[in-house]
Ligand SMILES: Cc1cc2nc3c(=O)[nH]c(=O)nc-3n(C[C@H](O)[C@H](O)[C@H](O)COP(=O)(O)OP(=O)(O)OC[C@H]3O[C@@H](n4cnc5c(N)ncnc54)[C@H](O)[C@@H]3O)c2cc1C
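For reference, the chain that follows is the form predicted on its own, supplied as structure tokens.
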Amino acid sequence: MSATTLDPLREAVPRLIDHPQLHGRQLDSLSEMIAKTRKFARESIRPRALELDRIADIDPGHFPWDLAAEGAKLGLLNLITPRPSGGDVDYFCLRASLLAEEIAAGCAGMATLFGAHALGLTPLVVGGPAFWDGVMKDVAASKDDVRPTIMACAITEPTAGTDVEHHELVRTAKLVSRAVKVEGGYRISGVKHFISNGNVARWITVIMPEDPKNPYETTLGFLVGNDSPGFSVTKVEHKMGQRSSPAAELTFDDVFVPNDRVIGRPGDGTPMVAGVLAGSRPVVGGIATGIARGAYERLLDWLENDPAAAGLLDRQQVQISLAKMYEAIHVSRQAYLDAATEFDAVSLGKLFGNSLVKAFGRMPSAVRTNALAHRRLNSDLSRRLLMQVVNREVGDDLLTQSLAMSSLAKARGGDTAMWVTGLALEIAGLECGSLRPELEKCMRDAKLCQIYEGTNQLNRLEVFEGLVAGQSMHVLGDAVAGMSTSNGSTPKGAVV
């Protein structure tokens, strides 16, 4: 743990990597996408940000379908959709994080709307080729619909929040939800709490254990439609910030999930959550950076153009404060760029370069979806093989590093957003006209970035474990080790 053991070059690796998926036209395409998203945020989102906040304060279930549809046409609902499912890019985390910053500079709630949708898709992406067709293709195809298909991800419960997002704390989490194996699939029961987009999502990816007293070894994922018998939205929260993305309580009362909508095997849920968070926390870092940038840009515009601010920009104290704000935003951005690049090029994102995965991607959809291939892709053996490929190609050490860097980016971004918005309010004061409610909204939005995707305290535990103490999770190794059959043998055809 001595500082002398740190390798400065290893810390710089993400930014030194020649991103294998970003060359020539692809890099130009990303630049064009950022410009289009910035235009969308400035012209369509920011002018309505306060109005959306006010409406959702009165009606917490309100959802801005028109803006969701406009964003869908730009591709903002397909940020992490792989090519075989109708997506058009491979660099998932980097693109999603960069665009999240652009949207959040206009309204953080809208950024969370698109981000929560991507979070709902992530378990399906991690779940492998069995999920590339069907729902994922339907989501991609809905980009031109008046009401595009929205996703959500349900992990937390009323009595189990941040602890279910840590590979060790989950062992003692007070979970009450449960999945019971039945003929042809599972029946799931329980309540999920604070689920962004939960009341409007057509599909929800649900993380739930077979045994709530042993979630580490028995958790797996489920894909649930909002029309499933036994599913209901029982509450929509009255939120303080980021109101454009509603948060709901979802109840699952003996909901049947067929085998082809079961994601992974019992025990796969723990590494799945770790992988999902490694990919989603840089996006939260992007959202937080966007909030800070939005507050900074609003303040600077007021200082430069509003007569009420005359003379303030000439004061050296204000100039230094603006420089410190710019500095904090810059550092926050570098943190999430590092984490996103690590995820794409070193961690789970590199699996899309695996020869087996690429072969499945080149396979025509009609072949993947015929009855025999569909059964095989959804078989227990295929799920075992997928976990073994992930363990071999990525492994616990790289997953731990990626999660720790993502956690660093999330925590740094959340604190930056709170500090910058607070300082902006101090400089503007009480007599700044319409700027005041805008900055107050930015500050209310910023607070959530310190809480969701695991509190900043939990995220810093991940940083300590993975980067300071050099510890490694064993979630992938444990999942593979638990693959033996009841008599202790390894299934025929498995890769070891």
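What you see is a predicted model, and the numbers here were worked out from it, not measured in a lab. In this text, residue numbers run from 1 along the sequence as written.
Keep in mind that the form predicted in complex with the ligand is not shown, yet the notes after this line are about it.
The ligand in the model of the complex comes within 4.5 Å of a heavy atom belonging to Leu448. Contact annotation for Gly466: none of its heavy atoms lies within 4.5 Å of the ligand in the model of the complex. Interface residue remark: Ser44 is not counted as part of the site for the ligand in the model of the complex, having no heavy atom within 4.5 Å. The closest non-hydrogen atom of Leu169 lies within 4.5 Å of the ligand in the model of the complex.
Among Lys137, Arg298, Arg384, Lys239, the residue placing a heavy atom within 4.5 Å of the ligand in the model of the complex is Lys239. The contact with the ligand in the model of the complex, taken as any heavy atom within 4.5 Å, belongs to Thr156 out of Ser142, Asn391, Gln401, Thr156. Contact with the ligand, judged by heavy atoms within 4.5 Å in the model of the complex, is confined among 219-227, 194-202, 258-266, 320-328 to 194-202.
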